[in-house]
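Only one chain is shown below, in structure tokens, and it's the form predicted alone.
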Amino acid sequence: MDWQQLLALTPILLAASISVILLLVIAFVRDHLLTCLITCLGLSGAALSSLISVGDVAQQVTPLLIIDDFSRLFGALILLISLISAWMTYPYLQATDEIREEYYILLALAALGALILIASNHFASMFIGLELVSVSLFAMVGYLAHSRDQVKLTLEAGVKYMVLSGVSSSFLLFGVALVYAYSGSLSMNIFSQPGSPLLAPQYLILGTTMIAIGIAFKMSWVPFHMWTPDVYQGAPAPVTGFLAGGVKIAVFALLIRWLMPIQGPYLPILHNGLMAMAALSMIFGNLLALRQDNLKRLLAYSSIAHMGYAAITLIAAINVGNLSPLLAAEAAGMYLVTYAAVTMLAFTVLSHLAAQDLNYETGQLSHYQGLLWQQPMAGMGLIIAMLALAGMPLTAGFIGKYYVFIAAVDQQLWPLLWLLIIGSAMGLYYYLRVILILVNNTPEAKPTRNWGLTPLIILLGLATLWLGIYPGPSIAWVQLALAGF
């Protein structure tokens, strides 16, 4: 490894150093504010170094990682999501009697795993990154189990995520083993640059199917979505935000890098499998969201539907006979950026409210009645998030869905396009239902002053609107990230 390759790894090395520094600091002094500041400064420095290096020559660092503009820009997005998660965690943990400092070590390790995942072009580094994220989340999901009122929900969420994530990792690892047995290589490029196979092609088909099942679990694609509503409801709100925003975006970025170059006679099998999961996710995600009276469960089923929408862009990118997949890839990138902004806004509001009263986090929708009049900034932030998730114009969600729409039209994916339209109509109903509850004034709705995460809510609200009103710079960043494909 030369100095140029080592320099290319700077964001990953900075992210890795955060957990080491925190371990040393906590060994000598326990200070929640200091721990949070070190985490935020480290994540900010890593994100800045990643953005500064955009435009540099792509570096293949050992056979495991490739550091190009794609990994730099989407890595910076993951680091910003992690920074937001750390910020929203501080007041949340401050309101509990939990030992707080170790949480930030877990968050830093999860961010490191996500960075490795995005930069992976080898199945070994992919598995390491995925497991680093998953193992950190095992503890993060159940972190407040003994200090919260809803102990049963939290423990159930942690155990369910651990068990089902372990099962999905087993599928993925067995699939990688079968692909290795077929090709004698662990490079992810084996699908686009096949060599001399060692075994029958059935090994490749079965191995790829098992890898896809393992990844589908992380993406909450139906029928591998069973864990999502329970984990969303039981996990602390900042953890749910990172899980919904950071982890899914990192895994989807990996899918873009892995699947876009794939060619060969077995591409239609992968194409049809993705179409089936996308269709089922849009149908069941929206239908089940209609029945929810708990906001976090509603957002869980909503995320299943949104991952179905995102899958349309991936299907368009690898569509059989597609000679120019860059439009679909650009649609996928823009959807990830807009979904990240909207999701982090929604869960920042939930974290802000849950720090005051846990009923906001695990209670029914009726608990939010009149929120706009009780806490105007939090209420307005949640209204903007709901409008964006519904795809209303002048919000980030509109730009994301517009890109999905044109990608589906460009590749003539008419059945998925109709499901997108019908699902968006159903989504409009349950998102507006939440807004009606928020604006419904009641005699008990008295204004309260609690700043907490209000500055972060304002920043994310403005970012959500800015992405909808002036998306040009974001589109240019995504095009730059995909220029090397």
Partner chain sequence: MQLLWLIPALPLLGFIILVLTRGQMARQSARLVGVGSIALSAAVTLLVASDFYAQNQSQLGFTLELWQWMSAADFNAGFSLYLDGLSLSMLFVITGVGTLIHWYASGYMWDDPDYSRFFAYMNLFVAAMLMLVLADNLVLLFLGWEGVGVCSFLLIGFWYKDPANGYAARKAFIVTRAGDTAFAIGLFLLFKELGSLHIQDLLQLAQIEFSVGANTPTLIAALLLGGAVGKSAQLPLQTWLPDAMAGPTPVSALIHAATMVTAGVYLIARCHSIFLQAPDILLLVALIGLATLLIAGFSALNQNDIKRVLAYSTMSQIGYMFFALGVGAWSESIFHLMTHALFKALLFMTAGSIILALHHEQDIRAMGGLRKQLPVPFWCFLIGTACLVALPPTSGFVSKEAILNASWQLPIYGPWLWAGGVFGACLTALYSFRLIFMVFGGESTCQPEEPKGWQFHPPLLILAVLSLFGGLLVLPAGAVLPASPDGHAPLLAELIAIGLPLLGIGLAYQIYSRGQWQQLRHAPRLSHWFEQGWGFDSLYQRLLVQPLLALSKINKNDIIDQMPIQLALVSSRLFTIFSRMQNGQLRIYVASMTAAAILIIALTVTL
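Numbering follows the first chain given and starts at 1. None of the values given here were measured: they were computed from a predicted structure.
A second form of this protein, the form predicted together with its partner chain, is not displayed here; the remarks below concern that form.
Each of E156, L164 and M210 is positioned with at least one heavy atom within 4.5 Å of its partner chain in the model of the complex. Using a 4.5 Å cutoff between non-hydrogen atoms, P229 counts as a contact of its partner chain in the model of the complex. Its partner chain in the model of the complex comes within 4.5 Å of no heavy atom belonging to L327. Put simply, I205 is close to its partner chain in the model of the complex: some heavy atom of it is within 4.5 Å. S168 belongs to the set of residues with a heavy atom inside 4.5 Å of its partner chain in the model of the complex.
Between its partner chain and the residues L358, I128, M380, L290, the one pair within 4.5 Å by heavy atoms in the model of the complex involves L290. Screening F284, Y402, F138, W373 for any heavy atom within 4.5 Å of its partner chain in the model of the complex leaves a single hit, F284. Stretch 211-219 is the answer when you ask which of 334-342, 387-395, 211-219, 94-102 has residues with heavy atoms within 4.5 Å of its partner chain in the model of the complex.
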